[in-house]
Every structure is written in C-alpha cells, then in structure tokens.
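Below you'll find only one chain, the form predicted alone, shown as structure tokens.
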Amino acid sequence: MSTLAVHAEQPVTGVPLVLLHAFPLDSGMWDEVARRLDGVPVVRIDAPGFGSTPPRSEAGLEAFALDVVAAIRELGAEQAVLAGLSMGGYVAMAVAEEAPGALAGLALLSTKASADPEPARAARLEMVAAVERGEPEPAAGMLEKLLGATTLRERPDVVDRVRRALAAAPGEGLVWAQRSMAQRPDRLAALAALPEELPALVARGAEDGLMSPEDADAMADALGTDVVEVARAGHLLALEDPATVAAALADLHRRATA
C-alpha cells in the first residue's frame, strides 16, 4: 500500500486528474485550481517530506513516480491524467518513462525534460548542505525566482502565501527533493516515445525565469502539441493564474476521456 498522502476532492470514478505540486510547496498549492474543476475527479498527492506524506531518506524521483502509479491503482483507476508543475512535472515525466501505460493524458507546467547542468545541480546540493548546517529558512531566497514580475508587483496575497510557504518548507522534504532533482536524467526521449495520440498540454508563464521558452518548445515538440504561454505569470502558474490553468486542465481531461 502506498505511503503517500492522497487527497481526493470527491469519490473517484472514471479517469482521475492527478495533480503533482512544485518544490518546495505541497499539494495545497492546487487549492484555487481544484476549486475551479467542478465535475472533474481531482486527486492531489504530497511528495515525500511535504504536506502529509512522510519523509524519505533515499533520494529518487523514480520510486515516487511508481508510488504515484500505485496510488492511482488503489483509487480503482487503471489510468490517470497526470499534471505536474515544476518538480511535479519531473515526477510526471518519470511516470512517462517508468509506467507509460498509466497515462491517459499528460500536462507539463513550468518544467523541463532536460537534466540539470552542473551549476544548477551544485546549487541544489548547496541547499541540502544549508539544511544540514541548520540554517534557518533555507528556501526563503527563492521567492523572486518562483513568481513573475506582475505577481510580485500586483498580487500581494500570492506573494505573502508563497513567502510563508518558503519559510515553513520542511528540511527533510527539501533534502529529499533537491537530491532527487539533482540526479534526475534527461527524459525528452521518454516523452517522444509516448503514443502520438496521447492528449498532452505544455504550459509556461511568460515571465518565468526558471523554465525557458526553449525548454517548453522541446517538450511540446516531443509530445506533438503546442505551448500554452500564460501572460503576466511566472513559474508558479497554479497560484498566479489558477483560472487559466484550471481551464487548460479541464480541456485536457475532456480530451483524454472523450
């Protein structure tokens, strides 16, 4: 049985829409999106060490991905539409490689298929070291990287929510996630190997400084789809423009279950 914290908005019938959250937040980041998905069987899952899922000592997105598949099966579904934002996208792509048959549809938001270059990998491991040194609020400095300029200027409620989440980010979750993301491989070939007819969505914020247009284009090309670019939003699309994200996910779920 899966040890993951699985949050279902309603009894799951048919094909669920499974939402995987960004680093270093938890599944609560999807609140405003889920509220707008009336009639869609939404399931949210906390990553190890975040939300209500217990931490893990052994790093690796692949084991988590297989646990996500197991959780879907425990809900009584053979397949799911999987939507991942940032780290959640890395996990969704691990599912695409490890258990492609579990996918009824795939949404990749604010993420990329490529592995980290060495400077990014080193920065991840430096945060691990900061946690292990006992430094306070090691994720607090991420705020301006995660939110777009418009949000930072005009959406103080979102800024405050993310600031509080970063300050409260759990050390064990930070360590597991950063080590796991630092060792992830390139998964572009795994996306290209998916069935051509698989419904897919690739989206990025126009003000995202972490995931480039080239990152999004590469995934979209592999999946045979177009990029949805969300204006006036940065990396955390689900918080910065939940209405647009919910509409795109509802359309993907409709296409996957038609």
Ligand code: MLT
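Just count from 1 along the sequence shown to find any residue number. This one's a predicted model, so the numbers in the text were calculated from it and none came from an experiment.
We do not show the form predicted together with the ligand, though everything after this point is about it.
**Student:** Looking at heavy atoms inside 4.5 Å, which stretch does the ligand contact in the predicted complex, given the options 209-217, 186-194, 55-63, 35-43?
**Tutor:** Only one stretch qualifies here: 209-217.
**Student:** Taking the ligand as it sits in the predicted complex, is Ala102 in contact with it (heavy atom to heavy atom, 4.5 Å or less)?
**Tutor:** The answer is no: Ala102 has no heavy atom within 4.5 Å of the ligand.
**Student:** Is there a non-hydrogen atom of Met181 within 4.5 angstroms of a non-hydrogen atom of the ligand in the predicted complex?
**Tutor:** Output for Met181 is yes: heavy atoms within 4.5 Å of the ligand.
**Student:** So in the predicted complex, does Arg155 come within 4.5 Å of the ligand, heavy atom to heavy atom?
**Tutor:** It does not: once the ligand is placed as it appears in the predicted complex, Arg155 has no heavy atom within 4.5 Å of it.
**Student:** Taking the shortest heavy atom distance, is Ala22 within 4.5 Å of the ligand in the predicted complex?
**Tutor:** Yes, contact at 4.5 Å.
**Student:** Which of Ile72, Ala96, Leu146, Ala107 has a heavy atom within 4.5 Å of the ligand in the predicted complex?
**Tutor:** Of Ile72, Ala96, Leu146, Ala107, the residue with a heavy atom within 4.5 Å of the ligand in the predicted complex is Leu146.
**Student:** I need to confirm a contact call. Of Ala80, Ala139, Ala83, Met87, which residue comes within 4.5 Å of the ligand in the predicted complex, counting heavy atoms only?
**Tutor:** The option sitting close enough to the partner is Met87.
**Student:** May I ask you to list the residues of 213-245 that have any heavy atom within 4.5 angstroms of the ligand in the predicted complex, in sequence order?
**Tutor:** Read in sequence order, the lone residue that approaches the ligand (within 4.5 Å, in the predicted complex) is His235.
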